[in-house]
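Next up: a single chain in structure tokens, the form predicted alone.
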């Protein structure tokens, strides 16, 4: 390829590249807080009511947040900042509605409006002096602020700052809008009145607040003290319940220890008691057997013999009576016959009376003999019954004597263990008798530093006095006996029991 052609192609490519770069350099993109004003074209002609002809601002192109191509030479690009501006505003010596001089300080947030008309108006006035927006806005707001202060009192300004700020914004809105500016917000930061007006204005409220605070503090302190007293009372109640519970646990522990210490002697005593009970049962059964043997071998034969004798005597008595009656009837018949014969012969009446007397004498003799035989039979039967009853009583007495001998031997053998077993049995009855006077009390008030625990100690003292009294009367030191058994783990002689439940023979 020819060198000249290559150079021409290279120069054409460079030219195209330069042209593209130039075109790209004329394309401008506006930022979110920027507004482009492209000038170079003429606006439309407008004629006012007075007949004056002029051109409007339609020849100025406003671009916000977009790109624009600026023709070289014939157009020019201008940039206007749309960012918000924080502008402090302050006035000195403003006179309020009551004639009180005051100083106010506030802050305003101002920006260029977001419409094309606002941008054109702001660009027309502030494009080359954008820093002048702050001065202009501050002066406009100061005038509006002074105007609003003159229509309000200090109390109204302080009481409703939002309404005051809104009124200031409304007052300055027309002036700012005409310049293409928008007031976003205005805040009154401080107000100072001449002299001590503000301090005097707040003194009644401060006094009222101080009074209410003092009352609230006193009520809070009172409530705290009441809560503290309730807490102390609850703690005291809890301590008392804890002490009572500890005393109950101690008493239960002591009782369990005592039961454990006495378990051995009590078990031995229980075994001895079981042995005595079995021996007593054997004695009772022996006495019952003996009584049944006596009843079978003696009492019933005696009753049968007595019944036999009574029947025989009754039979003999009846036979004698019948015989006497027959003899009396025969004698009467003979006497009547003799009397009839005597009457007939002249001596009948005397002979009849003599025969009747003889017959009565014979009958009385027979009756006496029969009664004698009956009483003799009854006496024999009673004698045999008495003999049988005496034999039964003798056998029962011998059985009871043997049972008492066995119990005496057991008491002599096991000594204090048996006495301890009897004491353990009667101790609940002693405690019940000591507590019986308190059981009948419907309502009781305990006046004691020890509280309700004094009742239990009173019952225990009654039991101790009863044991002491029984020891004084019987000569047996019951308390020492119980302490000795508790100290040496029972102290009684342990007697092993065989599998048949019998104790081994004594040495």
Partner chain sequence: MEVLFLVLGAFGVGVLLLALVVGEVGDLGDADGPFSVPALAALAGGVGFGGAAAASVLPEELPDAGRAALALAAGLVLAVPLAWATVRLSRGLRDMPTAPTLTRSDLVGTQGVVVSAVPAPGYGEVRLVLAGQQLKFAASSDTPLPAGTPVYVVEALSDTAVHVVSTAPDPGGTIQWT
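The structure displayed is predicted, hence computed values, not measured ones. Residue numbers count along the first chain shown, from 1.
One more form of this protein should be noted, the form predicted together with its partner chain, which is absent from this view; the next part is about it.
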Establish, in the model of the complex, whether 5, 14 and 19 all lie within 4.5 Å of its partner chain, using non-hydrogen atoms for the distance.
-> yes
So, in the model of the complex, is residue 289 in contact with its partner chain at a 4.5 angstroms heavy atom limit?
-> no
May I ask you to state whether residue 306 is within 4.5 Å of its partner chain in the model of the complex, using heavy atom distances?
-> no
Contact flag, residue 165 vs its partner chain in the model of the complex, heavy atom cut 4.5 Å = yes
Please run the contact check for residue 67 against its partner chain in the model of the complex: heavy atoms, 4.5 angstroms, yes or no?
-> yes
Which of these residues, 402, 358, 340, 173, gets a heavy atom within 4.5 Å of its partner chain in the model of the complex?
-> 173
Contacting member of 114, 364, 150, 195, with respect to its partner chain in the model of the complex [4.5 Å, heavy atom] = 114
Counting only non-hydrogen atoms, choose the one of 178-186, 257-265, 204-212, 241-249 that falls within 4.5 Å of its partner chain in the model of the complex.
-> 178-186
What residues of 61-87, in sequence order, lie within 4.5 Å of its partner chain in the model of the complex by heavy atom?
-> 61, 62, 63, 64, 66, 67, 68, 69, 71, 72, 73, 74
